[in-house]
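For reference, the chain that follows is the form predicted alone, supplied as structure tokens.
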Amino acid sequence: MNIIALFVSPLIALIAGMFFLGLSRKISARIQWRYGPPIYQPVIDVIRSFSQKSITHGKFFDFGIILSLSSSFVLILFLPIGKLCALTSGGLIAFLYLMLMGPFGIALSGAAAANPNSSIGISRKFLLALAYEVPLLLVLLTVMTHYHTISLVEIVNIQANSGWAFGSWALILPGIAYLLILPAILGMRPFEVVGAAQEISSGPIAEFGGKHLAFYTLQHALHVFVGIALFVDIFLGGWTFFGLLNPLAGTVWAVIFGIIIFLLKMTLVLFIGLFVNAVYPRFRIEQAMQYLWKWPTLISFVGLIIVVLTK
């Protein structure tokens, strides 16, 4: 099963991530009374980008985007997607380290381009990552303390027997904190400060074109998938749905329906983020950092204290 997941999980993540990108543009347009592009527009953009000539700014420019894309693929292997999970060791500790490699790779490429807009976008990207990493770390510490494990697979399996984490009173506050920082993790408004086209001409990717832009789109799709999938796994029970799949345990149908349930949960979480994205204006970077270090950090810290005191 692990060998199958090694190939199937990245494919599922890539298809679902591209679908989420197209769906987000379509829904946002509808909320704003526009028709919007087709849902498969990101696929068209990637194919067109690969067909265009790409200009490089050196080896670091090429290496950075490959590093970012590769780290996103490795992150997928740690995530239980339905009942598929390629890497069951390392868990949330390794996950936290790898999450920093994506922004670092984009920053490496942007710095090699030597574009002022890229430099501003890179500084914003690192500041935003620093801001949401603090409450995210507190959220994950709370979950690991509550379940006495760092394994994502074990966390999902425990929820299959005891109920979703979001339904447990001890983990409600960490779940709310994660939802509050999720738009920042995904780079959606009001935290769309890194690639603000009106201010810094798309920021770190201002010099991207051709295959580099295609790789960035693929990386962004995987990043969106990772951010939402992590929430579904640690707070919504991953593939579990109130014992619905128990009669199918041990069969191929359990794996298939588990993946479908998992993706449906992800779509529901994405819808919540899209409504916020459609109606809120963009923060300035100092406003974003002040917000992330205030309410989500406070809520997640209180949640950690509650879990520690109740153990």
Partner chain sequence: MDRNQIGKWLKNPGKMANKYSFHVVYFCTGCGIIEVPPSITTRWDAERFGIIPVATPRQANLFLITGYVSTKTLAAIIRTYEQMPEPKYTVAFGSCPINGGMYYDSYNTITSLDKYIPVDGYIAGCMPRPEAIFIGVTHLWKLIDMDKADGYKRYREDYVHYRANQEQILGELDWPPLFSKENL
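Quick caveat, the model's predicted, so the values are computed rather than measured. Positions refer to the first chain, counted from 1.
Unshown form predicted in complex with its partner chain; subsequent notes refer to it.
You can rule out all but one of 182-190, 223-231, 198-206, 161-169: in the model of the complex, only 198-206 has residues with a heavy atom within 4.5 Å of its partner chain. Shown without its partner, this chain lists 242, 280, 40, 271 as candidates; in the model of the complex, only 40 has a non-hydrogen atom within 4.5 angstroms of its partner chain. Among residues of the shown chain, residue 52 is one whose heavy atoms approach its partner chain to within 4.5 Å in the model of the complex. Taking the partner from elsewhere, residue 260 is found to have every heavy atom lying beyond 4.5 Å of its partner chain in the model of the complex. Looking at residue 173, you'd find every heavy atom of it more than 4.5 angstroms from its partner chain in the model of the complex. By the criterion of a heavy atom within 4.5 Å, residue 47 is counted among the residues contacting its partner chain in the model of the complex. For the stretch 15-35, the set of residues having any non-hydrogen atom within 4.5 angstroms of its partner chain in the model of the complex comprises 25, 32, 33, 34, 35, in sequence order.
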